[in-house]
Structure formats: C-alpha cells, structure tokens
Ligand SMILES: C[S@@+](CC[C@H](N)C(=O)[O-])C[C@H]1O[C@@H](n2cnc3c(N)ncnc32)[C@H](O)[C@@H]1O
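Given next, in structure tokens, is a single chain: the form predicted on its own.
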C-alpha cells in the first residue's frame, strides 16, 4: 500500500469531521494553544498538513503557517478552506521536500511520522525538519506509544475499538516494527467497507536517537498537549526537540 494511494480523493473528502473526533474543540484547542506558544512569534511549518485540521486554526491565531503534504486530494480539500497565499503548501514527501524560507517551529502530529515505513525515512524526516529551522528552532512530534503490552499472548492482533457498525483493530509484525490499522464499517446486511493504513511504530527512546542524529536535543516530553506527565502508562506523547 502506497501512502499516496491510501490518501486518495475519496478518503480526503471523508477525512474532516467538524466538531467531533480529531476535530473536536477539546482536542484541537490545547494543541493549537501549545503550538502557537512554541512558535514564539515566528513561522511554523507542518509536515503532512493534510486538510488543515491544525494549520487553519493555528493560522487564525496569527501564526504564519506553511505545509508539506504528499496527497494532492488532501491539499485540494485544504484549498477549499484557505488559499495558497494564506497557507502555502508544497506537494511532496515530508522526509525530503523543501519549503522556501526558515521557520521557528516544525510540527508533525497525529502519529504521522509512523507513515514513513522504515527507520531511514524517519531519520530523514528529522533531518528535513532541522534543515527548515532557525538556530534554537523546535520540532514537535505527537506519537502513540506502541501498544504491544495489550497484544494477547502469542497473537499478532488486538481490537482497539468496537461499537455498533464499526470495528478498529491493529495487526503487528514485531520483527519489522510494522503495524497495520484496520477500520471496518458495516451495517445490518452482509456488506462491509475496510480502510487500512500501514505504519512503522517507534518507541520514544528510538525517536530520541533519531533526533540526536539530526542534531536535536529533547527539550520536553508530555503525555498530552495540556502538559500531562508522561509515565510508563501513557498511551501517547508530545515530544519537543530543539536545535542548539
């Protein structure tokens, strides 16, 4: 599965869920508050900007925002919200694409670094962030902690969420650090619709080493955007890396 094939026009058209889920104010507001503070009055660059879930409200706070996005259909949805002058976007791979100018903040949220399916690409993503940043600039990564402790003994899969008409599960390849997220939607009949995305999961310590290779230092790590303490029970983390 190629990422550009997964994030096609159909997926892009269905991606936004205004006011609920990942688009709920209680999810977005703390994130945008924190990112605006970390930008420190400078320009911000979002890797994998998508349909502008975070970039649009951040720009509305007065932060100049640009983006990189692999999927043209996702950019097309963003363009229905704001024009190129408001949020310029380069269509390309976040590990290699360049955006003109320098930034005080680069951010990559919603587990998206795991869409890069091998370690070398993930390291290049850190290096690309460093290339865009001014001295002292920050790279922020939001990422889930691999949920391997919840795997049934000897089994490569776990059910993550189940409700009427919807089932989410994950299958794991522990040797290659690969995980496929499966989303199954179904009704009363026999028909069902499956959406799958492949990922390479990363432990926080491995992420820190990638950052070090690219010249970053870990500035902070929290369990969420409100600054909750990161512990061995945390399901996710928001890590802030800074250039010297």
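Positions refer to the first chain, counted from 1. Quick caveat, the model's predicted, so the values are computed rather than measured.
Another form exists, predicted in complex with the ligand; not displayed. Remarks below refer to it.
J.: Using heavy atoms and a 4.5 Å cut-off, decide whether 124, 136 and 214 all contact the ligand in the predicted complex.
T.: Heavy-atom distance to the ligand in the predicted complex: none of the three under 4.5 Å.
J.: Can you pick out, from 87, 99, 109, 77, the residue that has a heavy atom within 4.5 Å of the ligand in the predicted complex?
T.: None of the others qualify; the residue that does is 109.
J.: So which of 70, 38, 207, 179 gets a non-hydrogen atom within 4.5 Å of the ligand in the predicted complex?
T.: Exactly one listed residue reaches within 4.5 Å, namely 70.
J.: Should residue 104 be classed as touching the ligand in the predicted complex when contacts are defined as heavy atoms within 4.5 Å?
T.: Answer no; every heavy atom of residue 104 is more than 4.5 Å from the ligand in the predicted complex.
J.: Examine residue 230 and determine whether its closest non-hydrogen atom to the ligand in the predicted complex is within 4.5 angstroms.
T.: Residue 230: no contact with the ligand in the predicted complex.
J.: Answer with yes or no whether residue 143 is in contact with the ligand in the predicted complex, where contact means some heavy atom within 4.5 Å.
T.: Outside the cut-off, so no.
J.: Could you tell me if residue 54 has a non-hydrogen atom within 4.5 Å of the ligand in the predicted complex?
T.: Flag for residue 54 set to yes.
J.: Within 4.5 Å of the ligand in the predicted complex, counting heavy atoms only, one of 43 to 51, 56 to 64, 171 to 179, 186 to 194 shows up; tell me which.
T.: This holds for exactly one stretch, 43 to 51.
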